[in-house]
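Okay, so here's just one chain, in structure tokens, the form predicted on its own.
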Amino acid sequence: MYLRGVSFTYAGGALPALRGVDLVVRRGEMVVVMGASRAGKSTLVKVLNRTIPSFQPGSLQGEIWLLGQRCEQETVADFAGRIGLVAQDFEAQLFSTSVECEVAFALEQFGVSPPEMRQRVHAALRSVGLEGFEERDPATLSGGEKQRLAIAAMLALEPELLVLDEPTTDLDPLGKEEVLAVLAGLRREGRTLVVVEHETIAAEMADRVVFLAEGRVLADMPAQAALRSPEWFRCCAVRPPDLAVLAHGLGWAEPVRSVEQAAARVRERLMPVQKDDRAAGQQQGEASGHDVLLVAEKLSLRYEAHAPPALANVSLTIRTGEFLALLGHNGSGKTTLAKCLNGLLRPSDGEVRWKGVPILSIPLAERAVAVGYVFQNPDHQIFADRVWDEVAFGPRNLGLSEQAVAERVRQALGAVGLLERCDDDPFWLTKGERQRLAVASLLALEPQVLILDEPTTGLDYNEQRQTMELICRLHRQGMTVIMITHTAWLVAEYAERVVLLHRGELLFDGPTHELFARDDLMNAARFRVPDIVRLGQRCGVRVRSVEELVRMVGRRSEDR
């Protein structure tokens, strides 16, 4: 694959999405493309499979060679089966009534024989961990399972060039590693891979990393060199690797390649840890003395009569002022539990009580004021033509006066930094801005508990930090926060308490640091403890972030 001087401006666009891009990808390489939101990453991958300009018109300039062929008038159909694309909006690619039919569909169009088709379908599903899901309706899958299904549909075609736009976005941490391991295996077989990612886990397996910003290639370098250069990640709104940031913060000239190597260096600079010194980075205050808000008692739920339980005898208590993270692999029951907590789902057995009253007996308007729910995909709850009206919808339905509605809308939009966009169409906003708009819609109802389902999915690092700063500000003001996430560093830095689900059962309920010390539970939950937390454990200190450890090492070095 060869691009020279490629620029593209969408029809009606004021600025080019790509600006003079030069890029070479050799046969058998795995190249990871990284950058902030709107850097041009998705536009680039659409150029690679001819979606641009075939289906999205605009001005395309430059020289493009794909699979040894110079592209001028070629369309998507000319490369179908040879170039596969897993789009960022993976749900838009799914349409069949069963998982097996979804993977088989493209093979049928190419006239693959039934015996070979069955073999390819089963191999593709096995490679992404969906073996045994053949008869499931894709609509009933979790977000991460749908993502893996979209990848399997492409893998079954055995394309020469596979292009993936954020393919691991909705997967749990070890699920991400499994998918990337599959891609690495395909690369070893001679396949060429171009992967767009926001996280460095993909770069760890790549040959090269390409950094994009404002449609331009800022840098193109070997992956190992990139992983030792946190400044490139930061300038492209990507969270850099913990160990690279640590080495930079402590002024180490030589890079560290493992947690064990870093631990040996850190221990040299740490004074002996006193027993009470382990409080550095300790989880913030206990909530045991606070008022009880929600009680879930022996919740069980099945979506289908003969399906495994989505929840099995789950009980927990939530008090005022808590910041709680719901963890577990895809399909473990996190979203199901969260929807039971605010009455969106009725459990098959058990009960949820709000301040002692069964939540399903509370009128809907009162329930919305008690427990707000922000969906994983904000587009599933945004519907108005104007940002102001989107936020005003809830307060108006509470019967408030227009003056009171206006005051709440101004406060909510101001809290999320969108007041100046109040007259815009919500779908003109970026994904991060739409996420904040969904939060504002709930803030206008002034709920006591805010449930957020994967609030940072699909956001670049800067947008993730902005979202979490907003959530933390609300928490400091007294709001109880329940956050579903697969992002380990978010849990380490922000959550005070963790509830871990596995196959619908409650495995753990307690402080975050205690869970992170349990390798058995971490493995069962398919959760990868952040490198900096593992490093702290090996050094006998409890830390939540790289910055915290750097400060700790610096302080103790000065005390010597």
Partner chain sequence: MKLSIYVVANTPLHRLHPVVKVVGIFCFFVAAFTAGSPIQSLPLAAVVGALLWLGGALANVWRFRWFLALVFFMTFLVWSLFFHSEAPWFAWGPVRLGYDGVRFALATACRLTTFFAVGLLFLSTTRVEEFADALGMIGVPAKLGFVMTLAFRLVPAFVDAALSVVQAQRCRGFDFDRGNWLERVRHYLPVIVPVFIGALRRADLMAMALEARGFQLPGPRTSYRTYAWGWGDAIALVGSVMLAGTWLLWARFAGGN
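Positions refer to the first chain, counted from 1. All values derive from a computational prediction rather than experimental measurement. Under this definition, the rigid core comprises the largest set of C-alpha atoms superposing within 1.5 Å between the forms.
The form predicted together with the partner chain is left out here; the points below concern that form.
J.: Heavy atoms within 4.5 Å of the partner chain in the predicted complex: which stretch among 178 to 186, 103 to 111, 234 to 242, 478 to 486?
T.: Selected range: 103 to 111.
J.: Does Leu344 reach the partner chain in the predicted complex, with heavy atoms at most 4.5 Å apart?
T.: Output for Leu344 is yes: heavy atoms within 4.5 Å of the partner chain.
J.: Please determine whether Arg434 contacts the partner chain in the predicted complex, using a 4.5 Å cut-off between heavy atoms.
T.: Contact check for Arg434: yes, within 4.5 Å of the partner chain in the predicted complex.
J.: Can any non-hydrogen atom of Pro308 be found within 4.5 angstroms of the partner chain in the predicted complex?
T.: Because no heavy atom of Pro308 falls inside 4.5 Å of the partner chain in the predicted complex, the answer is no.
J.: Going by a heavy atom distance of 4.5 Å, is Trp252 a contact of the partner chain in the predicted complex?
T.: Output for Trp252 is no: heavy atoms all beyond 4.5 Å of the partner chain.
J.: Would Glu91, Tyr373 and Ile382 all count as contacting the partner chain in the predicted complex, using a 4.5 Å heavy atom cut-off?
T.: Yes, each of Glu91, Tyr373 and Ile382 comes within 4.5 Å of the partner chain in the predicted complex.
J.: Scan Arg257, Arg118, Arg465, Arg269 and let me know which has any heavy atom within 4.5 Å of the partner chain in the predicted complex.
T.: Here the answer is residue option Arg118.
J.: Which residue, Val209, Leu459, Leu246, Leu85, has a heavy atom that falls within 4.5 Å of the partner chain in the predicted complex?
T.: That would be Leu85.
J.: Even though the chain is shown alone, can you say which residues of 61 to 86 have a heavy atom within 4.5 Å of the partner chain in the predicted complex?
T.: Residues within 4.5 Å: Val76, Ala77, Ala80, Gly81, Leu85.
J.: Cα of Ser98 displaced 2 Å or more between the shown form and the other one, core superposed?
T.: Yes, Ser98 moves 2 Å or more.
J.: Would the C-alpha of Glu214 be classed as shifted by 2 Å or more between the shown form and the other one after rigid-core alignment?
T.: Where the cores coincide, Glu214 shows only a C-alpha shift between the shown form and the other one that is less than 2 Å.
J.: Is Gly417 one of the residues whose C-alpha moves 2 Å or more between the shown form and the other one after the core fit?
T.: Gly417: C-alpha displaced by less than 2 Å between the shown form and the other one.
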